[in-house]
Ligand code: SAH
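Okay, so here's just one chain, in structure tokens, the form predicted on its own.
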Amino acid sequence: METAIVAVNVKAVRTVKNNLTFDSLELELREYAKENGVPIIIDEGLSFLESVIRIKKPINILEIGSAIGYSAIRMARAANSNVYSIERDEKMYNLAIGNINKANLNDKIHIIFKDALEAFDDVKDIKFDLIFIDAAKAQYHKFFDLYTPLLNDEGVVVCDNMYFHGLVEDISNIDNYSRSVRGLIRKLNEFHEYLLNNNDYHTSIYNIGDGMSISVKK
């Protein structure tokens, strides 16, 4: 059940949806994303991710794919974690920096302006308790292999958009899509199998949001 407005004052507007609350900046970011077609984590996925963070209480989080900084802000606030976020798009990078400044989280969130496949050296000396992957879907397998060596013991990897708008769940009409979409669907299916058969991790894939996986390091 959704409650539209639970509190109003001169500083912030807070709403509740899926047990989530949003301050005025977060509402602004959500509206910007909607109006400009910027993909951000949907509410069900965000609720799941924040629950994992509150249980895990990670000191350091690595995010692959900053976009406008929305999820980085939410993750930093969920358990007062340090977030290192990688973004390759210059416009998104600049927007994320500005939004993090507005959130007064400069000391907690560090944005790295690089392609994630080329940013390993920027974070190689940091140990992470949680890695959140939400970037180029076709590269998920590469991102996972590249950055999981930086996970602490019993570290967690969460991946968003694992069902890719439901297309990965039902491939019966795969031939109706473009070659690039077909390739992406196949790669995500292969990544599913890789995670579920990886003996170094306990992985579950949930029908939450657009599909969320959680892999716990053994």
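When you see a residue number, it is the position in the sequence shown, counting from 1. Just so we're clear, the structure is a prediction, and the values are computed from it rather than from any experiment.
This next part talks about the form predicted together with the ligand, which is not shown.
Every member of the trio 65, 114 and 136 reaches the ligand in the predicted bound form with some non-hydrogen atom inside 4.5 Å. Heavy atoms within 4.5 Å of the ligand in the predicted bound form map, among the stretches 52-60, 148-156, 188-196, 35-43, onto 35-43 alone.
A residue is said to contact a partner when one of its heavy atoms sits within 4.5 Å of a partner heavy atom; residue 77 fails this definition for the ligand in the predicted bound form, lying far away. Using a 4.5 angstroms threshold between heavy atoms, residue 128 stays clear of the ligand in the predicted bound form.
In the predicted bound form, the ligand lies within 4.5 Å of some heavy atom of residue 92. The shortest heavy atom separation between residue 86 and the ligand in the predicted bound form is within 4.5 Å.
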